[in-house]
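What follows is a single chain, given as structure tokens, in the form predicted alone.
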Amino acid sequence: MNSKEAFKPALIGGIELKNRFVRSATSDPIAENNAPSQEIINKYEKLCEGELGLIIMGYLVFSKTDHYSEKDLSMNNDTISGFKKVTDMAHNYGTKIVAQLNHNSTQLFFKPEGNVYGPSEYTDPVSGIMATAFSKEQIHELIKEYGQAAACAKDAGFDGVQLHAAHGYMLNKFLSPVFNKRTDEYGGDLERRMQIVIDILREIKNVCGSDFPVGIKLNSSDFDSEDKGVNEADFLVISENLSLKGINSIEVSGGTLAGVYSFSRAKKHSAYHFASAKRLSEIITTSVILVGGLRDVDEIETILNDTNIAAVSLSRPLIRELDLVKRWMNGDRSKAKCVACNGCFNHKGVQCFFTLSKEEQDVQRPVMKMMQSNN
């Protein structure tokens, strides 16, 4: 197999990139009135200076059926100008940028007012919130909202959008038989559980044009403790169907906060979704992007050169070192400094635990403990 040359230009998910390194979507709740704050813009500029090929900006909320605060980034007509500052800046550095669209559903970390919607009635294992089932009319409206949000992203200069269908959020719950007990066309067997995602993809392509890149982040497995959630066999079927329907890229992740494994495992785990991504890359032509536990550039190059996996995606290593890819490019190929402690998930803004004061670290330790409980 020919070398993909990780640091050379490539067409990934319908987007021409200067290299095969992707910054995976990472929530950073420091928006101002749901638009990018100057602090967010400054962080993204540092990431662009670090020579990333693609940044997935996440997660962006958009639906009136969702619950979020003004500190969360929201993709709508009022925030287009704010996001355009980010996309223009990224393009000035030669970095492409995609907007990740997400619906929290019941996976919330605050007590909301009013109904919280999900595919069916259930109690969320993370938040303890009881879901109210979407009506069919609400689902149809939600599909339109995805199209409207994607149109806003296109107007803001994003090079594409990504659907967040992993990690216990709304679309992941529609795909899971544990949470989706519907008896209409959006629930039941796997084909019907994935129908909402197919309808959203179709809507975005209709609104934004068939050549507008649409990717998706999927769980290779939910790693459900009773093995009742999305498993690898489901994941492969879902991915094949989406590939046939025109999805441009699939980022292979896995796990939930309620599963045997979370989506952010401890350092002892390495490239932990590799086997599933490799299997998928052998059965579809859609670009497959691998995320999870990637800290060694030699390992990354081996993965890219020896398989059909098209690109790799990083999050926590780029929180510790925003210039990691540039460092590797410049010849310092030592492993990423990130120790995967999960202390970076901070409600005051994502930042490396080791940059915090002692007092701030003490506040973060309970968060670390929660995130490490299922690693």
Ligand SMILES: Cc1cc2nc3c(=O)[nH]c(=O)nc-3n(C[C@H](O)[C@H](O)[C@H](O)COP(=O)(O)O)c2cc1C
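For every residue, the number given is its place in the sequence shown, counted from 1. What you see is a predicted model, and the numbers here were worked out from it, not measured in a lab.
Missing here is the form predicted in complex with the ligand; even so, the following discussion is about that form.
- In plain terms, the part of the chain that comes close to the ligand in the predicted bound form, with a heavy atom within 4.5 Å, is 163-171 out of 146-154, 179-187, 200-208, 163-171.
- Among residues of the shown chain, residue 24 is one whose heavy atoms approach the ligand to within 4.5 Å in the predicted bound form.
- Residue contact with the ligand in the predicted bound form: residue 215 places no heavy atom within 4.5 Å of it.
- In the predicted bound form, the ligand sits within 4.5 Å of a heavy atom belonging to residue 59.
- Taking non-hydrogen atoms only, residue 255 never approaches the ligand to within 4.5 angstroms in the predicted bound form.
- With the partner omitted from this view, the residue of 350, 41, 339, 329 that lies near the ligand in the predicted bound form is 350 [heavy atom within 4.5 Å].
- With the partner removed from view, the residue among 310, 314, 48, 31 that has a non-hydrogen atom within 4.5 Å of the ligand in the predicted bound form turns out to be 314.
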